[in-house]
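A single chain, nothing else alongside it, follows as structure tokens in the form predicted on its own.
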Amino acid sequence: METQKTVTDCSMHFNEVTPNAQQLIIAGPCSAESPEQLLDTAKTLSNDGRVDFFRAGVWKPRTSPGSFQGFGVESLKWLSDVKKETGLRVATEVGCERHVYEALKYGVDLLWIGARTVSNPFTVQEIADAIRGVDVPVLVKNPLSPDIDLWEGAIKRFIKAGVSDIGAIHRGFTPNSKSVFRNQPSWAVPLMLKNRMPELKIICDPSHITGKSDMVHLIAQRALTNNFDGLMIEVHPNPDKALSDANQQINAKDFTPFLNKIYNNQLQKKSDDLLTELRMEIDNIDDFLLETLATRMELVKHIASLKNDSKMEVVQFSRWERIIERIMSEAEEKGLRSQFVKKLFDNIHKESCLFQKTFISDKKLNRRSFL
């Protein structure tokens, strides 16, 4: 039987949080694991006094069906008890229409839409329709891929459904190669969203971007440097025993020092953390370049085989002239120095030709040995 929608009491919405220069702070464990775990974490966070919403995942969209999926509706009661005991407003992720009805029934004050859900416009629309007419804040995480149109479209579905208290969460994008981060920050995407929707509040989820608790402060600091409107931090009383995402959760006892550190850095304009984070991004790009070059050489191997079978020359000058003309044009558009780009691609081309000649020579040698 369908649960009726109820309006939760949200006298303080996240768009109304304006404590001096402090951004919106949402904190709590990745998953609701037990009443004791939630209450223990919430009491520690409430003592800090800067947390606006207490978060905990009730339904967990995990990749493997054997992973911890959350306790569902049962743990909504635990969140409700946290609210009564500590006075903290509570937030959770919803992934379908039924989740919305259950969360509102238990008085959840803020809903967020996860990255996997945002990637499916049909599901987003169903959730937006379920929230229609309900006075509850909604935060929309970025989709798994850096598709800004998909992200903006999901947000607009909620606006069209009448949700006025709407914001976005930047949690990074699934990397397509080896990465020091769990999810690539790709800061240009949320900043572009901010340009498109200047009134939209965008907060950062550094826990999911880093995947490592000892790196969370670096991304949090970068978010503040980029003038994000707040942070969503995963905090657990005993991270080593967490049932999900154990590596990225900050120990609850370290939360106040964590906030003090990033806000002191922001006020004092310290650059050490920012420099470290920027270098990590450079390292990621270097790794991506190597992966891309390796993939390119694999394609070159197939091309060499086809050229050998067709008795074609390795060097195709007309083809190379077209390539370099296109590359130089794109380099100019991107503001890259033409001399540098020409030298770089000339070296790539020379290595490619050498690779092809060596491959063809080895192939012929192996064929003669076989005969």
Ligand code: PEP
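No experiment lies behind these values; they were computed from the predicted model shown. The first residue of the shown sequence is 1; numbering continues from there.
Just so you know, the form predicted in complex with phosphoenolpyruvate exists too; it's not on screen, but the next bit is about it.
**Q** Let me know the one among His236, Arg222, Lys141, Arg89 whose heavy atoms come within 4.5 Å of phosphoenolpyruvate in the predicted bound form, would you?
**A** Filtering the options by heavy-atom distance leaves Lys141.
**Q** So which of Ile131, Leu104, Ala115, Leu79 gets a non-hydrogen atom within 4.5 Å of phosphoenolpyruvate in the predicted bound form?
**A** By the 4.5 Å criterion, the partner-contacting residue is Ala115.
**Q** Hey, of 334-342, 41-49, 302-310, 59-67, which bit sits against phosphoenolpyruvate in the predicted bound form at 4.5 Å between non-hydrogen atoms?
**A** Residues of 59-67 come within 4.5 Å of the partner.
**Q** Counting only non-hydrogen atoms and a 4.5 angstroms cut-off, does Glu277 reach phosphoenolpyruvate in the predicted bound form?
**A** No, Glu277 sits far enough from phosphoenolpyruvate in the predicted bound form that none of its heavy atoms falls within 4.5 Å.
**Q** Would Ile26 sit within 4.5 Å of phosphoenolpyruvate in the predicted bound form, counting heavy atoms only?
**A** No, Ile26 sits far enough from phosphoenolpyruvate in the predicted bound form that none of its heavy atoms falls within 4.5 Å.
**Q** Can any non-hydrogen atom of Asp109 be found within 4.5 angstroms of phosphoenolpyruvate in the predicted bound form?
**A** Outside the cut-off, so no.
**Q** Only counting heavy atoms and a 4.5 Å limit, does any residue of 24-42 reach phosphoenolpyruvate in the predicted bound form, and if so which ones?
**A** Just Cys30.
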